[in-house]
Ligand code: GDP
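Before any questions on binding or motion, here is one chain by itself as structure tokens, the form predicted on its own.
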């Protein structure tokens, strides 16, 4: 995963450490690094922040030995990436659920999943349900996608395989009402977590985005998770910023990461939204949902670099 992004950083570090560069050559190298990062789905503003800081620091530093330059380049590039994650909130989902479960009124913890068509949202709902079940939480799933043909059947198949209760209505029903039904069922049956699936919608459709905002107002979810396909490139940033505007989501699941050799979407989404990536989807099986660990992501980008 993320081999192309790793290669872009490695190439820049190697060039900078091989010889002393003139101001013109340094500018040309920064321009190439910018292009490489943009081609690997890193948002333009993020790219400029990385290269502008690196250029200034390299011009200001007086490096005598090539080994010093190697250390500086690696440190500065790595520090720029780490900075993108440093001010982002860390969310411990399991602790939040436990805290809600300890409350005296025994209300369910409500998780709302959002995203565009084709992002892998419904499959991610099933994976997340399996993850919570493995932790010992009781769960009900609410089939809030009442628009897409086959969506309810797909979720019904997943819930049946996992042995998890599904609350659903007919196609065309009010998604907010279906979501509320799931919450009411969970409250009545003292279930720990309600997971609400929603219809995929393009961020350019104002009516559908308003409908999604209505669901948020009705059920007041404890956690709103935006699901985005890592392979959509820079459109992932457009999706994330618009969904954030309408829903104020709390965190992100990045899907299809096993097929993503670029890796820029992860860095860009965090930089642009200031929201954490919670999990990565790395396959089609129910257990193919793994925690995103920023330290590991950054380390992997720079392992074996100069």
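Residue numbers count along the first chain shown, from 1. None of the values given here were measured: they were computed from a predicted structure.
There is another form of this protein, the form predicted in complex with the named molecule, and it is not shown here; the text below is about that form.
Using a 4.5 angstroms limit between non-hydrogen atoms, residue 232 is distant from the named molecule in the predicted bound form.
The named molecule is not shown here, but in the predicted bound form it comes within 4.5 Å of a heavy atom of residue 256. In the predicted bound form, at least one heavy atom of residue 122 sits within 4.5 Å of the named molecule. Remark: residue 154 counts among the residues lining the named molecule in the predicted bound form, judged by a heavy atom distance of 4.5 Å or less. None of 91-99, 111-119, 169-177, 76-84 except one has non-hydrogen atoms within 4.5 angstroms of the named molecule in the predicted bound form; the exception is 111-119. A heavy atom within 4.5 Å of the named molecule in the predicted bound form is found for one listed residue only; from 190, 135, 148, 214, this is 148. Contacts between 265-300 and the named molecule, taken as any heavy atom within 4.5 Å in the predicted bound form, involve 281, 282, 283, 284.
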